[in-house]
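Next up: a single chain in structure tokens, the form predicted alone.
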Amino acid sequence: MSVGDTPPPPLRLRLASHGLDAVTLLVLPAAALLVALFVYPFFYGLWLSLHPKDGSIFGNYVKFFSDPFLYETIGKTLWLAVPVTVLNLVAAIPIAFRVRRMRNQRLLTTILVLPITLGTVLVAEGMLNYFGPQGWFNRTVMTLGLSATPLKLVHNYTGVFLSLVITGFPFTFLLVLSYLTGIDPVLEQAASTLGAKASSRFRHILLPLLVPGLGVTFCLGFVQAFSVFPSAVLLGAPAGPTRVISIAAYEAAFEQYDYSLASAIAMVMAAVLLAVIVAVMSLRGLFYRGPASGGKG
């Protein structure tokens, strides 16, 4: 470099001029992890689903939608996931409102979210011991003379439904509570000062602000319930009313060793999830127009 020439700018400034500042560089490892764990497996699974054993491009999808034993798993899974998600959301709203005003909020919240720490398998084992034919619940019912025979609460639709409610409610409750606590209490206090009743405050102030959060909560809860697998096997009837779509994918991959068909079933599962999420978010837009100021995140 000759005398009088301007020295080149530092590497940091040159990278920043191309939009690669320190914050962007910190995001790169997370982006690489996202590609490695989600993007690449998705596109590989899509490619694999288009290469069935019979050689035709859409052979796996034709097989899936032409076999009632396969395509009926979509309806069976929705019949579990949708009612569970709606019930958890409807139950979480009043409980979150009540917990928000309690002094011992942390204690009650800890009790309500305890099932999350147990996991689906442990919850299923506990339900088998408690609700089984010789479980404590049935023994108590028969001892009190309320029923002459044990109530069938496991190895059927009811068992899986209860399991999904137990494991899914804490997750839904925490999300609703986080959005609810993000609403400025001054708004409700001002409406109360102006003479608005509790029902009016909820309908005209709190609920509109909660709609964005409730839409997101429904979608996340639905994804969790739709991907049910351990509960459907341990507490349900895997060959009958609780043969969900994840069981069909598992059987194709690990019993028939047809990974191409299993990938196609996974793609169908993703498409159904995406369709429901788009529908819910579209409905949310009809009821709420404006920034999502009613919750955190």
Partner chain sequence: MQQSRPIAERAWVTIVWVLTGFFVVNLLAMIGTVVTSSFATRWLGTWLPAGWTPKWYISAWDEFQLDDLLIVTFEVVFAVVALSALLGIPAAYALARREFPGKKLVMLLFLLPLLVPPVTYGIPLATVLYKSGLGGTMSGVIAANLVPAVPFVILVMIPFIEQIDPKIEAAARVFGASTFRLFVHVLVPLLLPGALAALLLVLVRTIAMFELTFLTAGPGSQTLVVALYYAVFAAGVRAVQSVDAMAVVYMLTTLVWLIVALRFVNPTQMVTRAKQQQH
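Numbering follows the first chain given and starts at 1. As the structure is a computational prediction, the values presented were derived from the model and not from experiment.
What comes next is about the form predicted together with the partner chain, which is not displayed.
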### Task
State yes or no: in the predicted complex, is some non-hydrogen atom of A239 no more than 4.5 angstroms from a non-hydrogen atom of the partner chain?
no
### Message
Since only the chain is shown here, I'm wondering whether A270 would be in contact with the partner chain in the predicted complex (any heavy atom pair within 4.5 Å).
### Response
yes
### Message
Whether F169 contacts the partner chain in the predicted complex should be assessed with a 4.5 Å heavy atom distance threshold; does it?
### Response
yes
### Query
Does at least one non-hydrogen atom of F218 fall within 4.5 angstroms of the partner chain in the predicted complex?
no
### Message
Looking at L187, L151, L108, V86 here, can you tell me which has any non-hydrogen atom within 4.5 angstroms of the partner chain in the predicted complex?
### Response
L108
### Task
May I ask whether T140, F229 and A262 all come within 4.5 angstroms of the partner chain in the predicted complex, judged by heavy atoms?
yes
### Message
At 4.5 Å, heavy atom to heavy atom, what parts of 167 to 193 sit next to the partner chain in the predicted complex? List them in sequence order, or say none.
### Response
F169, P170, F171, L174, L175, L177, S178, Y179
